[in-house]
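We've got the same protein chain twice here, in two forms, each standing alone as structure tokens: structure 1 and structure 2.
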Structure 1
Amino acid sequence: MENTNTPVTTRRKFINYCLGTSLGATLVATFYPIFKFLVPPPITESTEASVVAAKVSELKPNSGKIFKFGSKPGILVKTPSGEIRAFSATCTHLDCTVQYKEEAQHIWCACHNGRYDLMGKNVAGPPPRPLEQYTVNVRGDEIIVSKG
């Protein structure tokens, strides 16, 4: 006498199970990378209040250097007179990265030809406000830049 209470696994049920799980795995493998691309991980701001931006020996008078300050770029400028200044290297117009133009002795944004003087003040083009200025301290050969 046959027991009718035990489930019988047929070949058709097994194949349907395999096809269903492979379809689910394919969908996950396809859409997971798309989801991770569309929803990027949060960027944490650096908790450091100061960074070593460069060495004094790296900067010659009338030159500039981009450095990383947390998750944003900063710019060091050594004026023709030898004074070292630091600013945010993010243009206040459209967040482009600015650079120092030695021949014109100003900070320049290539996006829309915005210009800042050596004090970070916007002097030409569309930038609506000055660059954020950082505090510069020289300890030995290191240039230490801090906010505030």
Structure 2
Amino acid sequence: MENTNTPVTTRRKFINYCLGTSLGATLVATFYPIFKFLVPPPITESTEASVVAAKVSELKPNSGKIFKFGSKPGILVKTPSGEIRAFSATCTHLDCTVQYKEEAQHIWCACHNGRYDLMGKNVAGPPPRPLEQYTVNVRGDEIIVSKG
């Protein structure tokens, strides 16, 4: 009995195996492209190393200005003593864009009340890290900001 049964069971197993793997392969072939489709393709970051952020004449002491640094916002700050500094304007807490608070003389994020001093250091509120600082060069009337 056992001998006659064995080939039948094996055949059934084989067919089940074929059906199972085909079904599995169909599912993978269906859902893998869907899953990959949902993940946005990487976009090459703009490699802009430096930009003209503003004119010296438009920045008064104790003021700030948001400028475009590639696809991201940066902030120029002219301290009360007249020194110009530039930072990334993206708050290190949850990605909002910061602004310069003239009356308090610090950089402020309106979203969760985070504060940075004029060196970009996080001094109050929830931000965990300082703002990334950029290099500032003044050429004639142009303020040139570059990374690093």
Partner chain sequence: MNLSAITTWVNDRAGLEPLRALAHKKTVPLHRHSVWYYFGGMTLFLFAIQVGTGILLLLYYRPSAENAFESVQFIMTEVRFGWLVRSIHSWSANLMIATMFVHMFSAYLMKAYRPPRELTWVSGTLLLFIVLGFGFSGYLLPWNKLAFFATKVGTDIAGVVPGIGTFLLRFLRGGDEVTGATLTRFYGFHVAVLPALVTAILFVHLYFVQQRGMSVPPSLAGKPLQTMKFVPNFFLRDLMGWLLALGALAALAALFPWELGEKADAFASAPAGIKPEWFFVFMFQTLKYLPAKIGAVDGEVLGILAFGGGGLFWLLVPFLDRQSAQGKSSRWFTLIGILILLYIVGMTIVGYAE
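If you superpose the two forms and keep the largest set of C-alpha atoms that fall within 1.5 Å, you have the rigid core. Quick caveat: nothing in here was measured; it's all calculated off a predicted structure. Here, a residue number simply tells you its place in the sequence of structure 1, counted from 1.
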The same chain appears twice here, once per structure, so which copy is the form predicted in complex with the partner chain?
-> 2
Does residue 126 move its CA by 2 angstroms or more between the two structures when the core is aligned?
-> no
Against the rigid core, is the Cα displacement of residue 135 between the two structures at least 2 Å?
-> no
Enter the rigid core superposed C-alpha shift of residue 22 between the two structures, rounded to one decimal in Å.
-> 34.0
